[in-house]
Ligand SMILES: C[S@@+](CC[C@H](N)C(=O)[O-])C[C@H]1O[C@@H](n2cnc3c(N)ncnc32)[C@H](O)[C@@H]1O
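Below you'll find only one chain, the form predicted alone, shown as structure tokens.
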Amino acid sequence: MGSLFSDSITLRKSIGISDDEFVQLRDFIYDKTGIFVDGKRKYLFESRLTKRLTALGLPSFSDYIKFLKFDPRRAAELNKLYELVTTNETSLFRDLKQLEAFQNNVLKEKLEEQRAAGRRELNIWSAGCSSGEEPYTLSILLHETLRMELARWRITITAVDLSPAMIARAKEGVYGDYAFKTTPDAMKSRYFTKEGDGWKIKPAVARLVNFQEMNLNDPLALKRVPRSHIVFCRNVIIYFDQEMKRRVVSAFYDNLLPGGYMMLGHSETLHKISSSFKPVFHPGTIAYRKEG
């Protein structure tokens, strides 16, 4: 996931949103998803959602709010709303320095621990997986690290996202050139096959990933995720206010097995959010370890 409400959006002002309507819609989205839309983004928020009002033939944002709350078709519209409030800007092998540090330190440590304990199994949770680039990257790193030994392991990457459309794209596993902007050529040729105008992830890589729709603001859904050795939640909690950040990070802590790690985006921190994790510093990243 990337920044909320990209500044590249072409503004359309045919339907305006009042301050009161903005607060109502912002609060509705927050109650549903935990995503907080800052007032500074009001004009971009208005621009992005105006096309939904036009598509539905609604004359005002007040009517749109009523539609989201009461119309029989609201479930489908909520899915479209979720897509519009997050940009889903991502790519394969995003933040190479962090991934290299993860592979050489965190992943290596967990694999060695599991081998020593005689348990060749590993669970990774990719929270906010967008269109699948992150979990597929993690699967590739596991293939690169374990090589022939991989067949002896039970590995599951649970990849979740709020948007059904993103999950559908992730399951399809076909990406254009832009998604490979930071991908080493060797990784692209080894783990993807050409398909039409894009490149499709190979079945062996996809086999490790289990995609599912999930709202991180749903406590019961979070509890259904298998206990994890590693949680990846990169460029996700930036969408949340402090209270929601604390709830989600607490859920990750509860999900992690003792000694497990949480990985955040390079611009994210647990400062003033949680003191439960021990920060472990590596070149290019910080890994947050659950002690005990």
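Keep in mind the model is a prediction, meaning the values are calculated, not measured. Note that residue numbering begins at 1 and tracks the sequence as displayed.
Beyond the structure shown, there is the form predicted together with the ligand, which is absent from this document and is the topic of what follows.
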So in the predicted complex, does any heavy atom of residue 234 sit within 4.5 Å of the ligand?
yes
Looking at the partner-bound form in the predicted complex, is residue 239 within 4.5 Å of the ligand by any heavy atom?
yes
Residue 94 near the ligand in the predicted complex, any heavy atom under 4.5 Å?
yes
Check whether residue 37 has any heavy atom within 4.5 Å of a heavy atom of the ligand in the predicted complex, and answer yes or no.
no
Please determine whether each residue of 33, 86 and 90 possesses a non-hydrogen atom within 4.5 angstroms of the ligand in the predicted complex.
yes
Stretch in contact, per heavy atom within 4.5 angstroms of the ligand in the predicted complex, of 223 to 231, 40 to 48, 239 to 247, 58 to 66:
239 to 247
So which of 138, 201, 159, 162 gets a non-hydrogen atom within 4.5 Å of the ligand in the predicted complex?
162
Report the residue, out of 123, 217, 183, 105, that has at least one non-hydrogen atom within 4.5 angstroms of the ligand in the predicted complex.
217
